[in-house]
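Take a look at the structure tokens below, where one protein chain is shown in two forms, each on its own, as structure 1 and structure 2.
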Structure 1
């Protein structure tokens, strides 16, 4: 788990290093989930709130595969199976719900996705209860040049980097990936040229669900697993996607990095000493408000830019 500190300016080099480490770790946790949101938006053009719940589903499935008596599996295998299962659940949700509302507006689909999210949340609470569950992940603390992190932190960052490389290779080095990018660029034109739109949409749902499951599992390992974890993930994920561009898959990764650094450095800065002479830092509990502020600023900038282009 990323280490939290009460920061001051007594040793800036040390704290800058620690904030940088924390920011990279937190960005890695957000990025995997954010990429799935962006992948869905790039083709279907709506913000899928149910994607966050798929991340929680993946976390619970991974926990179940790793802890159910008689089924106990190594954690990497448990997460892998959870990713496959969540990807199939995402496809099933598309077949039952989203495939039937392709024709309605983006706003309508977004509202439906919120309903799906609430349904999944209530099902998780009914099955697993509201108590928190903790992954039994052995980890060691590492101190390097004054920065503190853990072996679990290294795993989270490493898995995120590996997934981003694999996704890049798939999207830009395979025919199927090129077809998906063609659908994202111009769906109607791609379909008229023979690209199987429905089949590739199902593939997109599977990939999106699998990424959500892995991201949710990593997030839960760093914190704890409970149905309300979606409230912790929701704001930073959608803020990251908005910052990076809703339809830009790898822009979501950049957005996660920008947001994470902004949150951690704003919490680190001693605004009180800078302006009033008395130490005061933004409380860590207000981290999500920084995400909301970033989201609003980006939307306002995009709105003003769109208004200027119309003139």
Structure 2
């Protein structure tokens, strides 16, 4: 059966399916990382630059576990171990750094998190060197009703979905999860009601570190590893988190999807044929603009809404 997308312009419709698939894959790649940023924001109220660097750390750890001679673990196990190790690193960073500055302003924490990210990035570069490392993952190409994707793409999307379901179950179906949500909605109140704030914050760090590591490993398998990769995905991830409302964990997933669809479709749609009869589309190099503009737009909308509430 043919796919039922009917668009009014001349491009064959299976491209629409393909661009949709592309959007879903990219959304999955950034969603896992974006969720961790939101998780941290929801409880500690600051945008954590270091989180994205933790994803890269996780990728490198998984790479090491999978390739160090004598160890060469199978990939899923390597990623699992990397997730645990990165979760512990995140907790360690909290003990050494963030637990000591709980009282300072959000922007102060952001600056510190930049310092942490810079430190980790430089250390990664010192240890692994600046050149790219590549996971060699064998992939099969699957063609399905005109849409093309690979087995690795399925893994990426599947793992992302699974993680989101698990996270949802944890947050909404377990006592610990409810306690975390209570902390997120009103920290002071939750603590006075007997919820162990500090221990749960550590748990939150572990979770977001582990999520980052899995996200980073998937990312690395799709492309490569490089210490400065975090700078490249910083803006898309922050854009996704902002679109999703910063502190809403699943909002970040929605944000990733919205951003990815916007990026993929806006540069693909032939606006020229639609409006002027001459084929023309937004030049591909403007793809980066879409992420940054989305970020600015959402923040400015927030600004006008905040103003409305004040009056």
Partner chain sequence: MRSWLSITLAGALATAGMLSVAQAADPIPVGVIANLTGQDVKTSLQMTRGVELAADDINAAGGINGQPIKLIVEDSEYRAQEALNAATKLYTVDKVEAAIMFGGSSLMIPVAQLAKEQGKVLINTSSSSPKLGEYPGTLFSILPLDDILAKDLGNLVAESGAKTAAVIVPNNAFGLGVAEAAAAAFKAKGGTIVETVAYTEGQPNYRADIQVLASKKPDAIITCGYGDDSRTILRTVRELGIDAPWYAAYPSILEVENPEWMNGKLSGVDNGGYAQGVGKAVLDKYKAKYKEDDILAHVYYGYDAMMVLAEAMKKGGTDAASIAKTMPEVVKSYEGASGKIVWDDRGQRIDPPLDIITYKDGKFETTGTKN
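No experiment lies behind these values; they were computed from the predicted model shown. What we label the rigid core is the largest C-alpha set whose atoms superpose within 1.5 Å from one form to the other. Residue numbers count along the first chain shown, from 1.
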Quiz item: Between the first and the second structure, which is the form predicted alone?
Solution: 1
Self-check item: Shift of residue 69 between structure 1 and structure 2 at or above 2 Å (CA, core fit)
Solution: no
Quiz prompt | Core-superposed C-alpha of residue 273 shifting 2 Å or more between structure 1 and structure 2 | solution = yes
Exercise. For residue 284, state whether the C-alpha moves by 2 Å or more between structure 1 and structure 2 after rigid core superposition.
Key: yes
